[in-house]
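Before any questions on binding or motion, here is one chain by itself as C-alpha coordinates, the form predicted alone.
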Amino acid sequence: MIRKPIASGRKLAPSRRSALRGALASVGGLALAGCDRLSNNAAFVDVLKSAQQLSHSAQRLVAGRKAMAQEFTQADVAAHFRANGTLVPADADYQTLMRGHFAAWKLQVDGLVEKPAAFTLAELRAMPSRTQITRHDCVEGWSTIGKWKGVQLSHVLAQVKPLPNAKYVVFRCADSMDDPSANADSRYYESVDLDDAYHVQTVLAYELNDQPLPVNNGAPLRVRIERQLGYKHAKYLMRLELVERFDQIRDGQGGYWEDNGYEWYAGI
(Lines give C-alpha, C1' and ligand atoms only; values in the text may rest on other atoms or scores of the structure.)
Protein backbone atom coordinates (compact mmCIF):
# COMPACT_ATOMS: atom_id res chain seq x y z
CA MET A 1 0.00 0.00 0.00
CA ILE A 2 1.01 3.63 -0.52
CA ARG A 3 0.56 5.86 2.48
CA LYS A 4 0.03 9.59 2.51
CA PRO A 5 2.81 11.75 3.98
CA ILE A 6 2.82 11.70 7.74
CA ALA A 7 4.76 13.59 10.35
CA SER A 8 7.78 11.66 11.45
CA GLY A 9 7.09 12.24 15.15
CA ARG A 10 10.82 12.10 15.84
CA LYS A 11 11.55 15.29 17.75
CA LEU A 12 15.31 14.82 17.57
CA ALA A 13 15.49 14.32 13.81
CA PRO A 14 16.06 17.94 12.64
CA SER A 15 18.84 18.68 15.11
CA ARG A 16 20.45 15.30 14.48
CA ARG A 17 20.39 15.79 10.72
CA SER A 18 21.89 19.27 11.18
CA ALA A 19 24.64 17.83 13.36
CA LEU A 20 25.50 15.22 10.76
CA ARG A 21 25.59 17.81 8.00
CA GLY A 22 27.79 19.97 10.19
CA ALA A 23 30.13 17.01 10.62
CA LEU A 24 30.35 16.64 6.88
CA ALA A 25 31.03 20.34 6.42
CA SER A 26 33.90 20.09 8.89
CA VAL A 27 35.74 17.67 6.64
CA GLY A 28 35.31 19.79 3.53
CA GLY A 29 35.98 18.04 0.25
CA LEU A 30 35.49 14.59 1.75
CA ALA A 31 31.73 15.15 1.51
CA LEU A 32 32.00 14.04 -2.09
CA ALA A 33 33.98 10.92 -1.26
CA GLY A 34 32.72 7.39 -0.66
CA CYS A 35 32.12 5.95 2.79
CA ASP A 36 35.50 4.22 2.72
CA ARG A 37 37.34 7.55 2.49
CA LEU A 38 35.09 9.13 5.11
CA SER A 39 35.77 6.33 7.58
CA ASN A 40 39.50 7.00 7.32
CA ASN A 41 39.07 10.63 8.38
CA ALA A 42 39.38 10.83 12.18
CA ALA A 43 37.70 14.23 12.39
CA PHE A 44 34.64 12.97 10.53
CA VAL A 45 34.28 9.84 12.66
CA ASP A 46 34.74 11.77 15.92
CA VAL A 47 32.12 14.38 15.03
CA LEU A 48 29.77 11.71 13.71
CA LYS A 49 30.05 9.83 16.96
CA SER A 50 29.41 12.96 19.03
CA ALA A 51 26.28 13.67 16.98
CA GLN A 52 25.03 10.15 17.65
CA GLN A 53 25.70 9.78 21.35
CA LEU A 54 22.11 10.48 22.39
CA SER A 55 20.43 8.91 19.40
CA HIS A 56 19.50 5.47 20.70
CA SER A 57 18.19 5.93 24.22
CA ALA A 58 17.02 9.53 23.78
CA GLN A 59 15.19 8.94 20.52
CA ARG A 60 13.49 5.85 21.87
CA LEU A 61 12.45 7.82 24.97
CA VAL A 62 11.09 10.78 23.01
CA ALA A 63 9.64 9.06 19.95
CA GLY A 64 8.89 5.54 21.08
CA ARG A 65 9.54 2.23 19.38
CA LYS A 66 6.64 2.64 16.92
CA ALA A 67 7.52 6.14 15.67
CA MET A 68 7.31 6.35 11.88
CA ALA A 69 9.79 7.77 9.41
CA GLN A 70 8.22 10.34 7.11
CA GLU A 71 6.56 9.01 3.97
CA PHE A 72 6.08 10.98 0.77
CA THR A 73 3.92 11.03 -2.36
CA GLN A 74 4.57 9.70 -5.84
CA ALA A 75 5.32 13.27 -6.97
CA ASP A 76 8.31 13.35 -4.59
CA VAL A 77 10.03 10.27 -6.02
CA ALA A 78 13.41 11.06 -7.60
CA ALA A 79 13.78 10.25 -11.28
CA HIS A 80 17.04 8.46 -10.44
CA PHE A 81 17.68 6.85 -7.05
CA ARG A 82 21.35 7.28 -6.30
CA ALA A 83 23.21 4.10 -5.31
CA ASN A 84 25.39 3.96 -2.22
CA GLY A 85 28.27 1.65 -1.30
CA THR A 86 29.08 -1.31 -3.54
CA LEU A 87 27.67 -1.00 -7.06
CA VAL A 88 28.31 -4.54 -8.36
CA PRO A 89 29.77 -7.20 -6.03
CA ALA A 90 32.86 -8.87 -7.48
CA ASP A 91 32.38 -12.05 -5.45
CA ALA A 92 32.24 -15.14 -7.65
CA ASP A 93 29.10 -16.60 -6.06
CA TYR A 94 27.19 -13.36 -6.52
CA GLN A 95 28.39 -13.02 -10.11
CA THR A 96 27.06 -16.53 -10.82
CA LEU A 97 23.68 -15.68 -9.26
CA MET A 98 23.51 -12.44 -11.22
CA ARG A 99 24.22 -14.17 -14.54
CA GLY A 100 21.35 -16.53 -13.74
CA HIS A 101 19.03 -13.60 -13.00
CA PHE A 102 18.96 -14.74 -9.35
CA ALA A 103 16.88 -17.82 -10.15
CA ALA A 104 19.08 -19.90 -7.81
CA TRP A 105 19.23 -17.28 -5.05
CA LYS A 106 17.71 -18.00 -1.66
CA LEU A 107 17.58 -16.00 1.56
CA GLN A 108 18.74 -18.16 4.44
CA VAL A 109 17.13 -17.30 7.80
CA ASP A 110 18.61 -19.09 10.79
CA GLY A 111 20.37 -18.68 14.12
CA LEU A 112 18.19 -18.48 17.22
CA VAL A 113 14.97 -19.60 15.55
CA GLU A 114 12.66 -22.63 15.89
CA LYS A 115 12.29 -23.21 12.16
CA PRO A 116 15.32 -22.25 10.04
CA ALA A 117 14.27 -21.67 6.44
CA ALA A 118 15.47 -20.56 3.02
CA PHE A 119 13.19 -18.44 0.83
CA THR A 120 13.39 -17.97 -2.92
CA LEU A 121 12.68 -14.58 -4.42
CA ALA A 122 9.38 -15.93 -5.75
CA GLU A 123 8.39 -17.07 -2.26
CA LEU A 124 9.18 -13.66 -0.79
CA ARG A 125 7.19 -11.97 -3.55
CA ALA A 126 4.22 -14.20 -2.76
CA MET A 127 4.14 -12.99 0.84
CA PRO A 128 2.06 -9.94 1.86
CA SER A 129 3.85 -6.82 0.62
CA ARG A 130 4.22 -3.25 1.75
CA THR A 131 4.93 -0.23 -0.48
CA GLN A 132 6.39 2.94 1.00
CA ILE A 133 7.91 6.15 -0.36
CA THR A 134 10.71 7.27 1.93
CA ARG A 135 13.91 9.30 1.99
CA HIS A 136 17.33 7.67 2.08
CA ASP A 137 19.77 9.78 4.12
CA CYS A 138 23.45 8.98 3.60
CA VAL A 139 26.33 9.98 5.89
CA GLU A 140 28.01 11.39 2.77
CA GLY A 141 25.54 14.28 2.96
CA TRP A 142 22.97 13.44 0.27
CA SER A 143 19.37 12.30 0.37
CA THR A 144 17.10 10.68 -2.22
CA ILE A 145 13.42 9.74 -2.15
CA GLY A 146 12.43 6.36 -3.55
CA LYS A 147 9.44 4.06 -3.72
CA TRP A 148 10.11 0.66 -2.18
CA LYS A 149 8.11 -2.56 -2.27
CA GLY A 150 8.90 -5.66 -0.27
CA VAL A 151 7.88 -7.99 2.49
CA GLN A 152 7.97 -6.75 6.06
CA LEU A 153 10.80 -8.31 8.02
CA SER A 154 8.32 -9.04 10.80
CA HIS A 155 6.40 -11.35 8.46
CA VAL A 156 9.54 -13.30 7.56
CA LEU A 157 10.46 -13.61 11.23
CA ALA A 158 7.00 -14.98 11.97
CA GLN A 159 7.75 -17.86 9.58
CA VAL A 160 10.88 -18.93 11.46
CA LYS A 161 9.73 -18.17 15.04
CA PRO A 162 12.60 -16.46 16.89
CA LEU A 163 13.61 -18.02 20.19
CA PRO A 164 13.13 -16.01 23.43
CA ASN A 165 16.86 -15.24 23.73
CA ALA A 166 17.10 -13.74 20.22
CA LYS A 167 17.81 -10.01 20.50
CA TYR A 168 19.31 -8.95 17.17
CA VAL A 169 18.97 -9.68 13.46
CA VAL A 170 22.31 -9.78 11.61
CA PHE A 171 22.13 -9.08 7.87
CA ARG A 172 24.83 -10.95 5.96
CA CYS A 173 25.53 -9.76 2.43
CA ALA A 174 27.19 -10.91 -0.80
CA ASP A 175 29.64 -8.05 -1.31
CA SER A 176 33.20 -8.24 -0.02
CA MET A 177 34.57 -4.87 0.96
CA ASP A 178 38.15 -6.01 0.39
CA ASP A 179 39.61 -8.38 -2.20
CA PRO A 180 37.10 -11.27 -2.35
CA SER A 181 39.95 -13.71 -3.03
CA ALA A 182 41.53 -12.94 0.37
CA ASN A 183 41.08 -15.43 3.18
CA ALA A 184 39.66 -12.96 5.69
CA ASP A 185 35.90 -12.39 5.67
CA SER A 186 35.22 -8.80 4.69
CA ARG A 187 31.69 -9.19 3.41
CA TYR A 188 29.32 -6.43 4.34
CA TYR A 189 27.11 -7.05 7.33
CA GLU A 190 24.78 -5.06 9.55
CA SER A 191 22.46 -5.62 12.50
CA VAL A 192 19.41 -4.19 14.24
CA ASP A 193 17.60 -4.99 17.44
CA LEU A 194 14.14 -6.50 17.45
CA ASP A 195 12.48 -3.09 17.91
CA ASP A 196 13.64 -2.09 14.44
CA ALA A 197 13.29 -5.60 13.03
CA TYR A 198 9.58 -5.65 13.87
CA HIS A 199 8.93 -2.03 12.90
CA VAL A 200 6.18 -1.67 10.30
CA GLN A 201 8.49 0.21 7.90
CA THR A 202 11.34 -2.31 8.03
CA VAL A 203 11.00 -4.21 4.77
CA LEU A 204 13.06 -6.59 2.68
CA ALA A 205 12.75 -4.72 -0.60
CA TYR A 206 12.74 -6.41 -4.01
CA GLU A 207 11.40 -3.44 -6.02
CA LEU A 208 12.50 0.17 -6.40
CA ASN A 209 10.30 2.71 -8.20
CA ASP A 210 7.96 -0.02 -9.54
CA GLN A 211 10.82 -2.00 -11.10
CA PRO A 212 12.79 -5.05 -9.94
CA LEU A 213 15.55 -3.89 -7.63
CA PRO A 214 18.60 -2.91 -9.76
CA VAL A 215 21.97 -4.49 -9.05
CA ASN A 216 23.46 -1.09 -8.13
CA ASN A 217 20.79 -0.71 -5.46
CA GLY A 218 21.19 -4.17 -3.96
CA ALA A 219 19.52 -6.83 -6.13
CA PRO A 220 17.92 -9.16 -5.54
CA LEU A 221 17.05 -8.04 -1.99
CA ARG A 222 18.01 -5.29 0.43
CA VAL A 223 16.69 -4.20 3.78
CA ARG A 224 15.07 -0.81 4.36
CA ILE A 225 15.38 0.42 7.95
CA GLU A 226 13.73 3.76 7.40
CA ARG A 227 14.45 5.31 10.80
CA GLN A 228 18.22 4.94 10.40
CA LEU A 229 20.99 6.24 8.12
CA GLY A 230 21.83 4.60 4.81
CA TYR A 231 24.73 2.42 5.91
CA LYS A 232 22.26 0.37 7.99
CA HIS A 233 20.23 -0.51 4.84
CA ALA A 234 22.26 -3.57 3.88
CA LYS A 235 22.24 -4.57 0.19
CA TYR A 236 22.75 -7.93 -1.59
CA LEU A 237 21.20 -9.91 1.25
CA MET A 238 22.15 -13.57 1.50
CA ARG A 239 21.36 -14.54 5.08
CA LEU A 240 19.55 -13.30 8.17
CA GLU A 241 20.96 -14.62 11.43
CA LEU A 242 19.20 -14.12 14.76
CA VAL A 243 21.62 -13.77 17.65
CA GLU A 244 21.64 -12.91 21.33
CA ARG A 245 24.78 -10.78 21.04
CA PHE A 246 27.10 -9.59 18.29
CA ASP A 247 30.29 -8.79 20.19
CA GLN A 248 31.87 -12.01 18.95
CA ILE A 249 31.07 -11.36 15.27
CA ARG A 250 34.06 -9.93 13.39
CA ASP A 251 35.29 -6.87 15.35
CA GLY A 252 32.28 -6.98 17.65
CA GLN A 253 30.57 -3.67 16.83
CA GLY A 254 27.56 -5.04 14.95
CA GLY A 255 28.32 -3.97 11.39
CA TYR A 256 31.03 -3.38 8.79
CA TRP A 257 31.13 0.39 9.19
CA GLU A 258 30.65 0.14 12.94
CA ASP A 259 33.80 -2.00 13.03
CA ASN A 260 35.45 0.96 11.28
CA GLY A 261 34.33 3.59 13.80
CA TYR A 262 30.68 4.41 13.06
CA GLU A 263 27.97 4.20 15.71
CA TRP A 264 25.82 1.07 15.81
CA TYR A 265 22.55 2.98 16.22
CA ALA A 266 22.23 5.45 13.34
CA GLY A 267 18.80 6.90 13.98
CA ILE A 268 17.65 10.07 12.18
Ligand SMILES: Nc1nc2c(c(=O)[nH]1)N[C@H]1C(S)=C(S)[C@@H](COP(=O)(O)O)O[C@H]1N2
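The first residue of the sequence shown is number 1, and the count goes up from there. These numbers come from a predicted model, not from an experiment.
What follows is about the form predicted in complex with the named molecule, which we do not show.
Checking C173, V109, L153, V169 against the named molecule in the predicted complex, a heavy atom within 4.5 Å turns up for just one residue: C173. The partner is absent here; in the predicted complex, the one residue of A83, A78, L163, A104 having a heavy atom within 4.5 Å of the named molecule is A83. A69 falls outside the set of residues with a heavy atom inside 4.5 Å of the named molecule in the predicted complex.
Using a 4.5 angstroms threshold between heavy atoms, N217 counts as touching the named molecule in the predicted complex. Contact annotation for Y188: at least one heavy atom lies within 4.5 Å of the named molecule in the predicted complex. Within 4.5 Å of any heavy atom of the named molecule in the predicted complex lies no heavy atom of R130. Judged by heavy atoms within 4.5 Å of the named molecule in the predicted complex, the contact stretch among the candidates 121-129, 193-201, 153-161, 137-145 is 137-145. Taking the named molecule as it sits in the predicted complex, the stretch 224-252 comes within 4.5 angstroms of it through a non-hydrogen atom at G230, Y231, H233, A234, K235, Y236.
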